[in-house]
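What follows is one chain in structure tokens, specifically the form predicted alone.
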Amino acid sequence: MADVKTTGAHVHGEAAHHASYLEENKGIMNWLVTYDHKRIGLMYLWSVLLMFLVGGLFALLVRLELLTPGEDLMNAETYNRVFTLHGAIMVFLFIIPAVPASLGNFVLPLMLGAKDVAFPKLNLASYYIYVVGAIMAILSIVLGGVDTGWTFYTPYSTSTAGAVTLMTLSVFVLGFSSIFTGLNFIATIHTLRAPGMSWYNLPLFVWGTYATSVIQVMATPVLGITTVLLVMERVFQVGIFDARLGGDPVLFQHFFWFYSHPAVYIMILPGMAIISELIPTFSKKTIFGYRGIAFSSIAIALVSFLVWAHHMFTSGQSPLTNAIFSFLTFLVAIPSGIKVFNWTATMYRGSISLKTPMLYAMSFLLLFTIGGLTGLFLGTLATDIHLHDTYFVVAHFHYVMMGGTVIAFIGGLFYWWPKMVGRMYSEKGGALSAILVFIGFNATFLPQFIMGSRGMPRRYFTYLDQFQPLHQFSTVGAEILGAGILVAILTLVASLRKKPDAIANPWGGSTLEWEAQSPPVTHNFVGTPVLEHAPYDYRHAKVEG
């Protein structure tokens, strides 16, 4: 990248103070009808955090029930509903929109030197569609609950009682929010880059968000069609998934996973994009292999459409089909490995600062690597037969999703929090949260690898006595994890009681958002951003107010 002359920026314009977006047009109504991407991003943020707390509460209830075999807090039917709602809320209402819709909405235009997204009205509409979908999902809890698991597998989902129809319709509605957000970001990246900002001058967060948006636009319609077909099956008995009427229940799995495995990368790619910002900033070193990381994001997006059937090795597919999808599963690990090696190389001989965002980034590196390596066991046909639908899958999934995306999301939240609200948080509180989350997470899910390898099936209400010590250890870990997340939230919220004290660039970052004041003015920059240096060139970056 030595020959690239433009990626950092200096803003030329008026020196006079301009009101920030937080200071202008105060009042609830001004927020509810705003087209400002920063305010919409914050509304998304508070909404997804609320869903995170609700989904986390259900997770703690599941772990408390599993403290001992047999019935403790709830019966088997209630248990099925609780773990289903935990999964559905965490996947569809939190982890999919968390980074793109909240942090992405706030940061992306700033990184591009734009005043807003390409379609501000569509951006606001996307948020309200998300709210409608969330209300429908919460109503399904009140109107009988759902006990199918978050995957809604047929034939059980077409025959069970409860509010399955309302929950699947809520997923249908939420899909439109995801599609509109993806379209908006693609248009914004193509059309609103600052003058002189070529594709190879883009921050890696933008590359990751672009790849995520491609998946959102291409894969989410399949989920919409699948949920509509499921509703038609329940209401009209059309026979698409009913073998008695000439349908095929396994067809639902093909439809569902054709979306939902790319959706895994809708969840993890934004987390990877955040890590690509945190590691060079807190290592004070140019990112190693910029193009490798950028192109690997696109490669992951493309290959993600080719691996859906590795969820179905035990569903009766032909041996040849299983072998092909097993190979493709190993193939998708290559671009992920490129990222991990490049991040590690970036840290090598860097001037590493162990601030809170970097602590979360380093946690991500270890936890995501464990998640990725354990995926090799599930991608191998012989071992997957034994491990399928056991707690090994639960642990692997959480190491990738929680240990990857959620850890990165929290790290990104601490990283951009001063830019969002203009206030610095307690570094001690942030560090404590990172340590508690790391310890609690591993204590929760490492025992589940052992349980799964010994044959403990997932989603079971009770279990053999031999698994009780590991379940109890996992439950204690979940409580520590919950405490760490609570400390993180309290640390950030407590900073709001202070007077604004964040300077423009508290971390010495080199990307364009750090040239705006904290919090930014309504239209992001005072004057026009002028690009002056290469991406992640920390010779020119400085801590400044």
Partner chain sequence: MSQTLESAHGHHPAQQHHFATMEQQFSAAKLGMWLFLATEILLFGGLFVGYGIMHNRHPEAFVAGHHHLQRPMGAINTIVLLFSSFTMVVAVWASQTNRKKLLIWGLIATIACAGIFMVVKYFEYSHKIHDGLLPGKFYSYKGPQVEGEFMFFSFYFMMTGLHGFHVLIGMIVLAWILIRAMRNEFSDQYYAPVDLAGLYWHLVDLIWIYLFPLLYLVS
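Given the structure is predicted, the values throughout are model-derived calculations rather than measurements. Residue numbers count along the first chain shown, from 1.
A second form of this protein, the form predicted together with its partner chain, is not displayed here; the remarks below concern that form.
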Select from the listed residues 455, 239, 196, 292 the one whose heavy atoms reach within 4.5 Å of its partner chain in the model of the complex.
239
Considering 247, 372, 87, 350, which brings a non-hydrogen atom within 4.5 Å of its partner chain in the model of the complex?
247
Which of 77 to 85, 247 to 255, 137 to 145, 150 to 158 lines the interface with its partner chain in the model of the complex (heavy atom within 4.5 Å)
247 to 255
Partner contact for residue 362 in the model of the complex: its partner chain, 4.5 angstroms, heavy atom
no
Closest heavy atom of residue 384 to its partner chain in the model of the complex, within 4.5 Å or not?
no
Contact with its partner chain in the model of the complex for residue 459, defined as at least one heavy atom pair within 4.5 Å: yes or no?
no
Applying a 4.5 Å heavy atom distance criterion, does residue 224 contact its partner chain in the model of the complex?
yes
Could you pull out the residues of 177 to 194 that have any heavy atom within 4.5 Å of its partner chain in the model of the complex?
179, 183, 186, 187, 190, 191, 192
